[in-house]
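Okay, here we've got a single chain as structure tokens, the form predicted on its own, with questions on binding and movement later.
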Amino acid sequence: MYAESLNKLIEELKKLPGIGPKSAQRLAFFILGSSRKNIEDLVASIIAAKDRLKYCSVCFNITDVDPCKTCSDLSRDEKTICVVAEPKDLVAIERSGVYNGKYHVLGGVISPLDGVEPDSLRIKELLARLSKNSVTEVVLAVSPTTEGEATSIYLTRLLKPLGVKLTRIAYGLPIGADMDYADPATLSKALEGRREVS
């Protein structure tokens, strides 16, 4: 129904995650309605990101300098490493402003159905960091999905014998949430993670 070049644009947009046929069509028409300058800026930023961004050789966060700014920051606590699945998780924790240690990005979570085995993740690199550095605590900050739980259990079994303090971030009710809307698993985690009121 559409011109060949428009069909091609829609097909390419459909390859993006979370973009179905309708969204791809909407984006294609948005692009057609945008100025050439806006489109050139978008294309240039995509190419620049692809050319300049890489993984930090220490923590495996996405960066344009190696090592990344977090790993290079001497004011951060070198004795604590927070293990996250993806760079976006690192960003979420940084936004909280309460963590001041180092990070390690696994590059995903264990998911055999998706072909992601422990060897696919950066677990060996984590073990190498622990053997070289004087790390006293590893914080597991992996989402509480089935795959995230499997990853946390695997890492716990691997790291416990090393004698390093192993902690997990607490899970529970978000601030401002109504308790009657919480699912049983969330309430269970909230009760397990309770602490004494001071």
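Just count from 1 along the sequence shown to find any residue number. Model, not experiment: these values are computed from the prediction.
FYI, the form predicted in complex with another copy of the chain isn't displayed, but the following is about it.
42 is the sole member of 164, 153, 42, 170 with a non-hydrogen atom lying within 4.5 angstroms of another copy of the chain in the predicted bound form. Put simply, of 118, 108, 101, 87 only one has a heavy atom within 4.5 Å of another copy of the chain in the predicted bound form, and it is 87. The three marked residues, 17, 34 and 52, each reach another copy of the chain in the predicted bound form, with a heavy atom inside 4.5 Å. This chain is displayed without another copy of the chain, yet in the predicted bound form the stretch 90-98 from 122-130, 77-85, 108-116, 90-98 comes within 4.5 Å of it by heavy atoms.
Residue 38 belongs to the set of residues with a heavy atom inside 4.5 Å of another copy of the chain in the predicted bound form. When contacts are judged by a 4.5 Å heavy atom cut-off, residue 66 does not count as touching another copy of the chain in the predicted bound form.
Within 4.5 Å of some heavy atom of another copy of the chain in the predicted bound form lies at least one heavy atom of residue 26. By the criterion of a heavy atom within 4.5 Å, residue 194 is excluded from the residues contacting another copy of the chain in the predicted bound form. Residues of 1-23 that come within 4.5 Å of another copy of the chain in the predicted bound form, judged by any heavy atom, are 1, 2, 3, 4, 5, 6, 8, 9, 12, 13, 15, 16, 17, 18, 19 in sequence order.
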